[in-house]
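Just the one chain here, the form predicted on its own, laid out as structure tokens.
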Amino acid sequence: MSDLALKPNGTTPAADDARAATVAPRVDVLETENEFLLLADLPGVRPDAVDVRYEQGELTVHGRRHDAAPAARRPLFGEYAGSHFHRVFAVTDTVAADRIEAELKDGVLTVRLPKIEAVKPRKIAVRG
């Protein structure tokens, strides 16, 4: 069983645009020997529109995807509307909170949650 568990999704739409939907982006969580990786699909989202926080054992990913068309243009047809997104993950104490990193590139948010040294597998030398 993984040490990173999905909690129920909360919704916190911003007061500036009550019409925008709140969505839960699709997320993959992977585990390696050294870290957990959280990969979230956030197409059309700018890095300055994403808020990633770790607090009291919870990792929160929250933000806003803005409308595709600039305000100066009049859309003729549109299926791509702005939206808020929000996901919360429970994280156990096996993660080194001070070394968590996040990067948004090509529409994919990658959050690296390094494991503390005590839980990493290590090879024990056998002396003879």
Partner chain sequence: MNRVRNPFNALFNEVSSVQEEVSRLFGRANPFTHAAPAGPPLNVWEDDQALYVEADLPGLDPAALDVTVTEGNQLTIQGERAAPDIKGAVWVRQERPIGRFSRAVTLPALVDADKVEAVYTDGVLKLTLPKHEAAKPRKVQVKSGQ
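Positions refer to the first chain, counted from 1. These numbers come from a predicted model, not from an experiment.
A second form of this protein, the form predicted together with its partner chain, is not displayed here; the remarks below concern that form.
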**Message:** I'd like to know if Arg64 sits close to its partner chain in the predicted complex, meaning any non-hydrogen atom pair within 4.5 angstroms.
**Reply:** no
**Message:** in the predicted complex, does Glu117 come within 4.5 Å of its partner chain, counting heavy atoms only?
**Reply:** no
**Message:** Is Leu30 near its partner chain? Define near as a heavy atom within 4.5 Å, in the predicted complex.
**Reply:** yes
**Asked** Applying a 4.5 Å heavy atom distance criterion, does Arg46 contact its partner chain in the predicted complex?
**Response** yes
